[in-house]
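Single chain ahead, written as structure tokens, the form predicted alone.
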């Protein structure tokens, strides 16, 4: 798997204030990485440094192998980005916005434009004025604009802001589709429940310091207090006694590993209980985040 972004010990100071301290992480092709942290943790500053909108105090950021301080043009040439709500000309159609931006890249390939329109799912409304678009449609148009330079890295800052459930679903499906094609996607958002549904990796930043970097599923397991928690659904948990942790009238809770579960299932069978379902419970990304940050919520 190719490394697209590599941040190495990045520091950012403004005056005497340390905004970022030794920030390091990687984003690989096909990754959808959630970059999360409380308000003021340094998320937006990190994105600005990646895009060359602010200068790095010390450390290095490499994009596609190029140091952004030494080879900025080459480093940024295959990057697409949306910072909050994408800008577009409201009085023009979606098609004219895309065509005008394409001209800025010195290209006039109509087939290329049609392929992007299909990818963002705006075929039926692309000739309408953007002023008539929903926020979700504008967000998809913004991603279309970001794809015009054929990037292999997409950086999104709060892409779900203001979107309704349908808009969020469409955005999620689009990002998953792009990642399947090998694009690296870096997403900063406060919407942890939504990030959990499509991000495969998580980086948590707090007070300018990376406090964890892991696969999403591994992070949720790592912060569990007593290993995994399993629920066993039986025909009835009556008369099982105090040896078992009971929930409702038909559930038994088991804490620990798979061996613990197998042992309890065997005991229940011997006791004549019918086993209908065994499921492993997981912490949500938000619960894992709160445990990692000591209850420091995202505002």
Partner chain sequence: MIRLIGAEFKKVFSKKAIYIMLIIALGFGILTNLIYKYADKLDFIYDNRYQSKEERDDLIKYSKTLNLKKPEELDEYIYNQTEIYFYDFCIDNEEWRCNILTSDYYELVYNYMNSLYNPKADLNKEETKAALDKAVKELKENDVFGIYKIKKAALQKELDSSIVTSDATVGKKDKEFLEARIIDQTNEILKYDLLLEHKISADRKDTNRYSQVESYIMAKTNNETMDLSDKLSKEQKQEYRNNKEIISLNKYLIDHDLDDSQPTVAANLKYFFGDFSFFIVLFVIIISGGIMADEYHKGTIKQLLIKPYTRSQILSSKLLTVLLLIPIFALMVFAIYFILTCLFTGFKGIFDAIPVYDYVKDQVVIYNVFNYNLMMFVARVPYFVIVSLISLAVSTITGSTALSIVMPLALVFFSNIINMAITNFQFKWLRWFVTYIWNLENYIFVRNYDGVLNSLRFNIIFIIIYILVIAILPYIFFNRKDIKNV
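Being a predicted model, the structure only gives us computed values, none of them experimental. Numbering follows the first chain given and starts at 1.
This protein has a second form, the form predicted in complex with the partner chain, left out of what is shown; the following refers to that one.
Contact check for residue 88: a non-hydrogen atom falls within 4.5 Å of the partner chain in the model of the complex.
With a 4.5 Å cutoff on heavy atoms, residue 233 does not count as touching the partner chain in the model of the complex; it lies far away. Using a 4.5 angstroms limit between non-hydrogen atoms, residue 96 touches the partner chain in the model of the complex. The partner chain is not shown here, but in the model of the complex it comes within 4.5 Å of a heavy atom of residue 54. Stretch-level contact check against the partner chain in the model of the complex with heavy atoms at 4.5 Å: of 44-52, 268-276, 58-66, 28-36, the positive one is 44-52. For the candidate set 214, 100, 211, 135, a heavy atom within 4.5 Å of the partner chain in the model of the complex is found for exactly one residue, namely 100.
The contact with the partner chain in the model of the complex, taken as any heavy atom within 4.5 Å, belongs to 81 out of 117, 174, 81, 168. Along 106-133, a non-hydrogen atom within 4.5 Å of the partner chain in the model of the complex is carried only by 106.
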